[in-house]
Structure formats: structure tokens, C-alpha cells
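First, one chain by itself in C-alpha cells, the form predicted alone.
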Amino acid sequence: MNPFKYGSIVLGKDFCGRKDLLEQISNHIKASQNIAVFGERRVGKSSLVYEAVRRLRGTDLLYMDLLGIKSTDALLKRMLRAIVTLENNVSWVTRMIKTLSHLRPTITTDPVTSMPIVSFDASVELKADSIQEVLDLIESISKKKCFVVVFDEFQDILDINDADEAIALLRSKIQFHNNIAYVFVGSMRHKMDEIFTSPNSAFFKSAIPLTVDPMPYEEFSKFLVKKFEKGGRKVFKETLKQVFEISNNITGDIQQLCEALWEVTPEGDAVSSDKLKTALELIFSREQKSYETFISLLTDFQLKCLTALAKQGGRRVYSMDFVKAVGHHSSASVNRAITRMININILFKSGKEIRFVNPFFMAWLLPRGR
């Protein structure tokens, strides 16, 4: 069985390191202190929070993923469904349905998990003034069980039409939930800063900030070597260094490339650098349709900018050398192209650098001379 997991939460023996952060998060949760967790996508933020909660015996987790949220209605319905999943008690859910009868909810049972599933009438749209009502439900559960509230990809709340009102209403209630720890996880630093460090935001200084950086090579490489060894495969140090470089040191992407390397290396064989091309081709074959979809969304000039960025790196995308590389257009045109690709999640800002969200897309793009 392939031991490398990516794209999902990892816990226990599949979780690596981060001892200090685990301890900090655990201590803050025990003190009912709110936390804002920053870090790039796939660096392991969600797994870190889940693992910290798992180690706190008797503590449950109320998890809400706000990725792609576009309306207050969607926000609230995700919160309500998460509450139902946490409570997992038909009698309580029935009482909740009576309380929210104006939403015309219906309850069914999942045939696989036997857990209650709540759906709401699509014609009934929840407004921001229902936020406090939903948070009251969360507080009522906290009186009979211990749990942590986690908002994942919290920065996406800024994309809803009435974001300022929603944030203000969330904050107005959360600040009085003295026995509940709220954890706000975000992968877009500039948006999370706008929420938690801007004096104009209702959440200004409302949570202790914690940054999740890429794992150090020495620590993570040892973990990976052991995973390979358990399956009768020896991985060379040079190969692992190339894996880290190709994956931009991002934990989830490293695991993805290691998973592919495992698949293309027979048991008892060595995982050498010459296996990397085959492993990448396996990833490309799995993801090619998404790459082609991204290409179809771009103009010719945007694609020139993207290819130049892949070749030259993203530290000097507004320099004259970069402008010349894409056809002597103005820096303003380059800026618009880069902004467009950030908005559709092909690129992202990491400090002063522009980087590919998916490093394997960059690897796919380069040898094809696009």
C-alpha cells in the first residue's frame, strides 16, 4: 500500500513533526484563546489543527471550510451543516429544525454513515442577521460538550457581497464565547492580514497569529525516507532534494510527488533521480485536463507572461527584462495579466514573489515550449 498521502487530512503516524506548533495550538485551545493560522496552501495547516485537537482527549472539532464561499447564505448553510455533523444526534437536530423552521429544512439519514443530513429550501436565502442566531446554536452546544470551532480558508469570507457586515456580526458574538476556542485558518496572507491586522477590521487583534512555514528539509526528509524503506524502497538523498525543489518545499506537493515516485518504482528497487521524469509524467496524466482548462482561460499575452514566469521565476515580474521577454509590452499590461492569473488561482503572491499555485503545472508547461 502506498504510504504517501496528499490532498486530505493526515493524523497520527502519517503526521510529521511541528512539535512546537502543536504545543502552542493545544495550549491556546485549552485556554479558549482564538487563533489565526497562516500558511501557504498544502503546507499542512489543516492537518496541524486536526492533529492538535486529536491529541486533546475529549475535545471535538466543529469544522467549516469556506473555500469558494460567495454569499452569506452559503456561509450560514455550511455552518449549519457542520453543526449537524458535530452534534450527530437526531433528537437535537429535530429541535434545531423546529427552531429554524423558517428555513424549511429537511432531515435525512446518510445510508453509509447513518448520520443525519440537513438540507434547506434553496428558495429561502439566509441574510447576515442570521449569523448571530447560528452562533447562538454553537454556544448552546458548548454547554454540554467540549469542542473547537475551525474556519478553514477563512480569507474567502472577504469575497461575499456583505463581507464587512458578516465579519462584524461574527466578531460581535464570538468575543463573548469565553469557553470556545475559534481557529481561523487561511492560505492567502494578504487577505488574512486584512482581516486580522488591519485597524479597520472588526477582527483586528482578535486572535493570536501563528505562521505555518514549510517543514525543514532535515526533519521532513527523514520522515519520507522511513516511508520509502517500509515498502522496500531506498530513496537517494539527491532524489529527495530534487523532490523538494520541484515542489517548492510545500509539504502536500512533496507528498504528492513521493506518492508518484512510489508508484513508478518496483519494490526492492532504488528511487533514483531518473525516476522523477516518469513520476512527473504520471502526475501530468492525472492532472492534464485541469492544466488544459487553465490554458483555455488565458489570452495569448497572459500565456506568454505565464511561460516567462515559469522560465525566469517570479521575483522580478515587473522588471524591464521580464517585460521584454513577453514581447515589449508595458509593465502595466504585465501587471494586469499577473493579477488576472492570481484571481483565477493559477498564481499567488508569496511575499515579493509571484508563484504557481500548482508547481506541477509549471513543470508541465516548461518542456512543451508554450
Ligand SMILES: Nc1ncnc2c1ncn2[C@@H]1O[C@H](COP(=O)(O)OP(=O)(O)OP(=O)(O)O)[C@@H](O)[C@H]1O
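Sequential numbering from 1, following the sequence displayed. Here the structure is a predicted model, which is why all the values come from computation and not from measurement.
One more form of this protein, predicted together with the ligand, exists but is not displayed; see below.
A.B. asks: Taking S247, A363 and L366 as the candidate spot, are all three within 4.5 angstroms of the ligand in the predicted bound form by heavy atoms?
C.D. replies: Spot residues vs the ligand: no contact at all.
A.B. asks: I'd like to know if A82 sits close to the ligand in the predicted bound form, meaning any non-hydrogen atom pair within 4.5 angstroms.
C.D. replies: No.
A.B. asks: Should V10 be counted as a contact of the ligand in the predicted bound form, where contact means heavy atoms within 4.5 Å?
C.D. replies: Because a heavy atom of V10 falls inside 4.5 Å of the ligand in the predicted bound form, the answer is yes.
A.B. asks: Verify the contact flag for F223: yes if a non-hydrogen atom of it lies within 4.5 Å of a non-hydrogen atom of the ligand in the predicted bound form, no if not.
C.D. replies: Flag for F223 set to yes.
A.B. asks: P214 versus the ligand, in the predicted bound form: is there a non-hydrogen atom within 4.5 Å?
C.D. replies: P214 lies outside the contact set for the ligand.
A.B. asks: So if I measure heavy atom distances to the ligand in the predicted bound form, which of the stretches 316-324, 330-338, 300-308, 33-41 falls within 4.5 Å?
C.D. replies: Of the options, only 33-41 has residues within 4.5 Å of the partner.
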